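This document opens with one chain alone, in structure tokens, the form predicted on its own.
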């Protein structure tokens, strides 16, 4: 076996022996040995926790929240690889929040694998070395003469073998090795394989229990009546009819909301509908038309204040001789997260502590918030995570956990608070609404010389200052402004990139066509500028970026005729440390309408840990990206959402999902983000294909409103 050396200090490795049933618990506290890396979003420093029973059974704990991104399978795979065990013999369990054993248990920013790659492998390698040392001591041989295979230590010279279960008790009495050898990439037997999700069987057979399924002795179900419009406050309410609803037991005012408690979800939701509440409007009760007008006025003006990035002088570049200047405005609407499992959480607030149980992406931050809310020390608040029926950034927020906590505290009983779909869509957190104005200049040779991005949106910053083509253009300026509003927004899958990619990559296509250049060739030309003559900070690798563009174009047969009615468009985005390029293929039907036929996708995310999970998450991102660019939007009338269920909020349907071809660039680079990067290029690739087919530019979403699509 080829190996590489990594060092683990004794204080970084925790041994705990003699757990119930005999055996050894090998814990790994690797916080101090991990180098925190700042990614886009959140910093992740993770730990592993391994149990080896005397009968040889191995249980690997997954400390991170599982939201469908596959970490409950992929993270334990890292440990199992270095531990050298048979994956089929491994059991995986979800860990709860434990800041003593684990660090920053968060699902967000596509960083779980990226930030645990070395630490989890090191944990498995150290455990493996301990077991080798125990076997060598038993046989009286040198550890170097021993190796491992599928949960056994083997002494090649004598042919002796001992299973891990036979060695764990002795391993618990020995020194923790200071140096552990991790496998070389070429020796991987588990990493890089197609491994089914560990929960698949339970999910498809209906046995898996989500947060919404939580039941406890004495528990009551709860539903909340919320303000129908953002910015409203509760003046008064009449609960007479609600209390007459069968199954309703109590109605309470909780801040600006009304809680209805009872014996079943259906009954309390029916009771909530019978509450007669009077609401008072706030000072800002804007409609979608107001946002659009204000946004357009803002981006039409010369930007004020300090730009987020300024390379060279864009104004001077526009005035250079022979220069051609292009300009366009793009708009992105509010979007709901619409997780399949609506917001829910179990809370039991007692005098001696709080138990929280349910689907949350930020358990540690949530515990801190709840502890302050009930004025208790954090150590008295426990949080157990359930697998989520979708997160997409919505469950980074803890509002629904706070609600459950306050209801339980006020009612004096454990509660399972469950939102209706109308609650979820009408009173939740949305993808920010934004408007983007682009201006670009090319010189007489068609070389991109200036790029200006000006934006405004209902978020802290609608821009990414380092997003392509930053660093590739001698004159570049990025200005972004936040528009204050009572409408609550939150990160939405591929935060910021999900709408910047649409505007940026669509405008890039506009410039390419305007100067008579092939869109693929133009992107590669500008990336070559970034490589040969970079300007300012360069956040991406031009060669890797160009690599996915070339690969996607090759996969799609870019430039080759596929018939008179087939048209293609390309888009590429660097986000969450990964590179993704997609070619969308549309067919123009006899009636002139377009149908999306196929998406070709090339991904460079470094080493792929689980090919099955990786393909699933990229495919899901593509479908999500196409669906939300094509069909839904959430509009407001005086602060009140106009769409609160799927009868008015159009989602993509199964028959509308095109064929998808995904290929990963193989290399030996450490893994980068994957949960989100597959989404951003999908919308602009479709928009650019639509232009190729019709000559019409799509600058606003949803595309279905253009009338171009069937």
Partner chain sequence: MKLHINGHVYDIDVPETTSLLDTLRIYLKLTGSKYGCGEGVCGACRVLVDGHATPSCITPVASVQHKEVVTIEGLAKDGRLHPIQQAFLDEDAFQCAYCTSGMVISAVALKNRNPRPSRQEIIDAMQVNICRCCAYPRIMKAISNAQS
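Positions refer to the first chain, counted from 1. Keep in mind that this is a model prediction, so the values were computed, not measured.
Not pictured, yet referred to below: the form predicted in complex with its partner chain.
- Taking the partner from the other structure, its partner chain in the model of the complex has a heavy atom within 4.5 Å of a heavy atom of residue 67.
- Put simply, residue 118 is far from its partner chain in the model of the complex: not one heavy atom of it is within 4.5 Å.
- The closest heavy atom approach of residue 492 to its partner chain in the model of the complex falls within 4.5 Å.
- Looking at residue 419, you'd find a heavy atom of it within 4.5 angstroms of its partner chain in the model of the complex.
- Think of it this way: in the model of the complex, its partner chain has a heavy atom of just one of 304, 560, 340, 444 within 4.5 Å, and the residue is 340.
- Note on the partner interface in the model of the complex: the residue among 460, 322, 159, 206 having a heavy atom within 4.5 angstroms of its partner chain is 206.
- The candidate stretches are 83-91, 540-548, 575-583, 340-348, and the one lying within 4.5 Å of its partner chain in the model of the complex by heavy atoms is 340-348.
- Residues of 244-281 that come within 4.5 Å of its partner chain in the model of the complex, judged by any heavy atom, are 246, 263, 264, 265, 266, 267, 269 in sequence order.
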